[in-house]
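Given as structure tokens, the chain that follows is alone and in the form predicted on its own.
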């Protein structure tokens, strides 16, 4: 019997260094229930040290990425229960959906294959890269039924979308497709659904070819400097660069310099240098 923590609400498929992580509640458009959130948190913990996984791709089963939080199980079922239990449920969701994903040890890609609504914006945006199907449908529709966007969705939109556009979609509840999502900066790019997995796989494979420590340090550095002043950022990035030279087991900086300056085997700007793995 497998000891892996996934297999019910979350499925994982390994493919040449890529872990395809699928939210698996297609009958509920992959709405995120407390059980799914708990399983996802355990899955992320396990994959972080799993040698079969170099890049995570997060997607949804069936026709949806995720319809957001499961209103019945996540909200109504906990509203009248003990406060400690309710806060535990909320904390588990927040932990995997943004606290862990934002600075996850390995590269993460959201593959938005269909519906992406409400709370689903949070894990989608917390992934490093997001690739959507042109035909996907996005929406922050809470205002249509008398509430505001839940969780950290408003914060998410303030980060990834233009101020005026974010307010428009929050206040109107209007939906938009994958092409519009790319135009708005909600996703990295949009492609026809028939090409979605192929394109996502190509991006994941390109990341796997890079020095993994350099990729990790680069993404963490970018995310932390966002709220720093220019002087703080300059100091932090200098220290981060020095840290990379210490913690990188491949000694990528020295190897890249050698291949460029001494061996004449590498030209910066034309792809990654050949790594000895």
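Source: prediction; values computed, not measured. Residue numbers count along the first chain shown, from 1.
Quick note: we don't show the form predicted in complex with coenzyme A, though the next part is all about it.
task = Using the partner position in the model of the complex, report whether residue 27 sits within 4.5 Å of coenzyme A, counting heavy atoms only.
result = Heavy-atom contact with coenzyme A at 4.5 Å: present for residue 27.
ask   = Is the gap between residue 138 and coenzyme A in the model of the complex 4.5 Å or less for some heavy atom pair?
value = Heavy-atom contact with coenzyme A at 4.5 Å: absent for residue 138.
ask   = Given that the partner is absent here, does residue 31 sit within 4.5 Å of coenzyme A in the model of the complex, heavy atoms only?
value = Yes, residue 31 lies within 4.5 Å of coenzyme A in the model of the complex.
query = Though only this chain appears here, would residue 72 touch coenzyme A in the model of the complex if you measure heavy atom gaps against 4.5 Å?
reply = Yes.
request  = Taking 4.5 Å between heavy atoms as the contact cutoff, choose which of 174, 142, 189, 177 touches coenzyme A in the model of the complex.
outcome  = If I apply the 4.5 Å criterion carefully, the residue I get is 142.
Contact residue in the model of the complex, from 117, 104, 169, 96 (heavy atom within 4.5 Å of coenzyme A) = Checked against the cut-off, the match is 117.
inquiry  = Looking at 177-185, 201-209, 118-126, 160-168, which stretch has residues with any non-hydrogen atom within 4.5 Å of coenzyme A in the model of the complex?
reply    = Looking at the other structure, the answer is 118-126.
task = Check each residue of 49-63 against coenzyme A in the model of the complex and list those with a heavy atom within 4.5 Å, in sequence order.
result = Residue within 4.5 Å: 63 only.
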